[in-house]
Ligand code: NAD
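One chain follows as structure tokens, the form predicted alone.
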Amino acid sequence: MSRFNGQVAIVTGGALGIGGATARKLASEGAKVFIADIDDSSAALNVQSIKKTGGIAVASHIDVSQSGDIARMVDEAVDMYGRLDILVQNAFGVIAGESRIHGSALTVEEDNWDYGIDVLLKALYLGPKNAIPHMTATGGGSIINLASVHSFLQEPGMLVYESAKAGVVGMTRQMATEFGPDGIRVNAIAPGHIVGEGLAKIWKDNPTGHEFFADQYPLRRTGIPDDIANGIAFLCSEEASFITGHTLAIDGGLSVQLQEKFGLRQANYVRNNPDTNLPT
């Protein structure tokens, strides 16, 4: 199946994890993929992987916290491939796990708030700002923003991350309204706990922690990057041509449960395993 023949896709954070799987998925279905990432070596390896299976991809060093890099990203992709049809805004690096953005309104420093919002939210405004004129020139396109179950489910100490991810949902709805008449669809994905390359290393050393996370999900497993990549590909495809402004939760059913259940069980786990630093 080649749902994206002739189309060009930018995937930010496209080296590893969700972005890496998305780049491979879109390329496998015919898209010419532009991987934007700060991890040059991993991005290059993903390009090699795509090319080995007959796909088309290039990579460029892009820091989405820098507005100039985002503008250059779009220019490079269009200069290379002649058009832009898909923008997948996935890049947020390891920021979710950075201790400097963790804390409450009383403890987070203002410069760390600014840094977190720049990477997690502002970058998702700057991407479309640069990309949409090219999409409208060819009749439309699809933008996918990576939100999170943390857009809807809150926990103490996650002020910056959860504020930004809630903002992603609002931004997605607003842009869908604004640019729908131009043929541009804007949707979001809210992943649950997705075990990419980085988390796989953590859970290898802490299998009971992974079992704890899996037990919180009605499907009794955590996700893998391909779970999200499949959803992104669907929303970018013609099969989803009447879907816009929607946030699709791909979370194994986590968000349909009572939040209190998860919060209490997590608190009990941490209390009984004080040396464990659970990722979100």
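Don't overthink the numbering: it's just position in the shown sequence, from 1. These numbers were taken from a predicted model, which means no experiment stands behind them.
Missing here is the form predicted in complex with this ligand; even so, the following discussion is about that form.
- Message: Residues E29, A188 and G231 are flagged as a possible site; in the predicted complex, is every one of them within 4.5 Å of this ligand by some non-hydrogen atom?
- Response: No: no residue has a heavy atom within 4.5 Å of the partner.
- Item | Proximity to this ligand in the predicted complex, single hit among A91, V74, V160, I144 (heavy atom within 4.5 Å) | Only one option qualifies, and that one is A91.
- Single option in L235, L248, I38, V58 placed near this ligand in the predicted complex, where near means a heavy atom within 4.5 Å: The residue from L235, L248, I38, V58 that makes the contact is I38.
- Message: Just to confirm the contact call: exactly one of 105 to 113, 132 to 140, 188 to 196, 175 to 183 touches this ligand in the predicted complex at a 4.5 Å heavy atom cutoff, so which is it?
- Response: Comparing against this ligand in the predicted complex, the contact stretch is 188 to 196.
- Message: Please determine whether V119 contacts this ligand in the predicted complex, using a 4.5 Å cut-off between heavy atoms.
- Response: Answer yes; at least one heavy atom of V119 falls within 4.5 Å of this ligand in the predicted complex.
- Query: With the partner left out of view, is D63 within 4.5 angstroms of this ligand in the predicted complex by any non-hydrogen atom?
  - Reply: Flag for D63 set to yes.
- Query: What residues of 7 to 26, in sequence order, lie within 4.5 Å of this ligand in the predicted complex by heavy atom?
  - Reply: The stretch 7 to 26, when checked against this ligand in the predicted complex, contributes G13, A15, L16, G17, I18, G19 at the 4.5 Å heavy-atom cut-off.
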